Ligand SMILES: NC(=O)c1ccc[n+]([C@@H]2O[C@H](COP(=O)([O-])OP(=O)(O)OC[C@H]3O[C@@H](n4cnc5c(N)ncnc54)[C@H](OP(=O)(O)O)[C@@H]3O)[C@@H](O)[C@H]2O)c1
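First comes one chain, alone, set out as structure tokens in the form predicted on its own.
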């Protein structure tokens, strides 16, 4: 089914979704339309993927059956409000903005029947993304669209708006940044012991990837059970884990999660 997809905002998430969908042949370049506040990002996207550049947000809305608003939360209202009359009630309108709840989207687009909040992350471009979405009411059309377009790019789940959606936002969307922070520490420690930066990065990446692949291929086992398999009493893994627990690394991570969740709530309230 031919269906035009429009992006308002050409940032990293837009690029990740476009790259993932094109690689899966879920869209053709001619079915994708993108606008952005500054021209540089659009130029790079159009050169790389041969998609359509639009001069204005209104042009995107006019051409698209599905409009994906991929702007920062603080920019969403300014992007949508001036062109609200250009949307039609049957368009699927997806917001990727963290913290912006459905009732605010409904206030901006009161006639639209297909408003969706989606939390996504950039591993979508390698088809290892994680996506959560919510709608104001049961919406079979949206459910089918998410199934068709997002599931091929990674794990996709429908959640109720509230605590569960916030937790997903922190753990999966912000969580990618947290994991890269840990990987930086890994790499730096390896480099301090005489291994060059490129090799240290490969060791780090493959260690994290290997752990994830083991978990993926062992769906009946808990993470604690998988950890126990690589931990022998009085061994080197056990010694390191004991130190992590004594230093309360879990408490520090939980504090980081809560700080991120607090910012999500602030964006919602503002």
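Residue numbers count along the first chain shown, from 1. Only a predicted model underlies this, so the values are computations on that prediction, with no experimental measurement involved.
This next part talks about the form predicted in complex with the ligand, which is not shown.
Chemist: Candidate spot 4, 94 and 135, all three in 4.5 Å heavy atom range of the ligand in the model of the complex?
Modeler: Judged in the model of the complex, none of 4, 94 and 135 sits within 4.5 Å of the ligand.
Chemist: Sort through 105, 149, 79, 142 and report the residue having a heavy atom within 4.5 Å of the ligand in the model of the complex.
Modeler: Contact with the ligand in the model of the complex is made by 79 alone.
Chemist: Looking at 232, 38, 216, 243 here, can you tell me which has any non-hydrogen atom within 4.5 angstroms of the ligand in the model of the complex?
Modeler: Comparing distances to the ligand in the model of the complex, the residue within 4.5 Å is 38.
Chemist: Using a 4.5 Å heavy atom cut-off, which of 106 to 114, 69 to 77, 85 to 93, 153 to 161 contacts the ligand in the model of the complex?
Modeler: This holds for exactly one stretch, 69 to 77.
Chemist: Given that the partner is absent here, does residue 13 sit within 4.5 Å of the ligand in the model of the complex, heavy atoms only?
Modeler: Residue 13: yes, in contact with the ligand in the model of the complex.
Chemist: Taking the shortest heavy atom distance, is residue 20 within 4.5 Å of the ligand in the model of the complex?
Modeler: Residue 20: no contact with the ligand in the model of the complex.
Chemist: Going by a heavy atom distance of 4.5 Å, is residue 57 a contact of the ligand in the model of the complex?
Modeler: Contact check for residue 57: yes, within 4.5 Å of the ligand in the model of the complex.
Chemist: Hey, in the model of the complex, does residue 98 get a heavy atom within 4.5 angstroms of the ligand?
Modeler: Result yes; residue 98 sits at the interface with the ligand in the model of the complex.
Chemist: Could you pull out the residues of 149 to 174 that have any heavy atom within 4.5 Å of the ligand in the model of the complex?
Modeler: The stretch touches the partner through 173 alone.
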